[in-house]
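Only one chain is included here, represented as structure tokens and corresponding to the form predicted alone.
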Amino acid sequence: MFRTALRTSFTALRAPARVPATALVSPQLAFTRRYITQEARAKIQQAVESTPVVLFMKGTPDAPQCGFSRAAVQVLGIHGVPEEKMKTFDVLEDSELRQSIKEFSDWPTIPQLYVNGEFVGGCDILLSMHQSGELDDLLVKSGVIPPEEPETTTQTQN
């Protein structure tokens, strides 16, 4: 008896059946949905492929305007990404770029990191990859940074 009562009370707490996402968009809000233009998509694609490492951020590497952008720049600096292999774009200078990059990558936040034209992720993903060692592996495999040389110890003879 207790089990049945418990089961029926949990049944009421279950989530309702899934509704397709298109059904959730009201006709009044449909006009607010924005799509990236082909011109903007082409410009972003060209930018992403311009150098091995591309970071869309708030501010510049010397003066980041957001803590997450600062963290992304610091992590890339820790890994020794050379300046000539990295290009940054300040999304605060161009509001169209700020919105378009989010739609281009289907990622809602800034900063966004691309390596060899492939989207890697935002600050949280970047930090996670840094901590696990995956970022170093990716940068080495992509040819952005050289592999670490194993330390050799030389023995001195007396």
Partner chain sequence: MISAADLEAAIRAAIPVIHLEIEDTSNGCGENYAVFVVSEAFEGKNTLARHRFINEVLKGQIAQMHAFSQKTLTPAQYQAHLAKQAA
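From a predicted model like this one, the values you see are computed outputs, not experimental measurements. Residue numbers count along the first chain shown, from 1.
One more form of this protein, predicted together with the partner chain, exists but is not displayed; see below.
- In the model of the complex, the partner chain stays beyond 4.5 Å of every heavy atom belonging to A40.
- Although the partner is absent here, D106 is a contact residue: one of its heavy atoms lies within 4.5 angstroms of the partner chain in the model of the complex.
- Put simply, F68 is close to the partner chain in the model of the complex: some heavy atom of it is within 4.5 Å.
- Although the partner is absent here, L92 lies well away from the partner chain in the model of the complex, with no heavy atom inside 4.5 Å.
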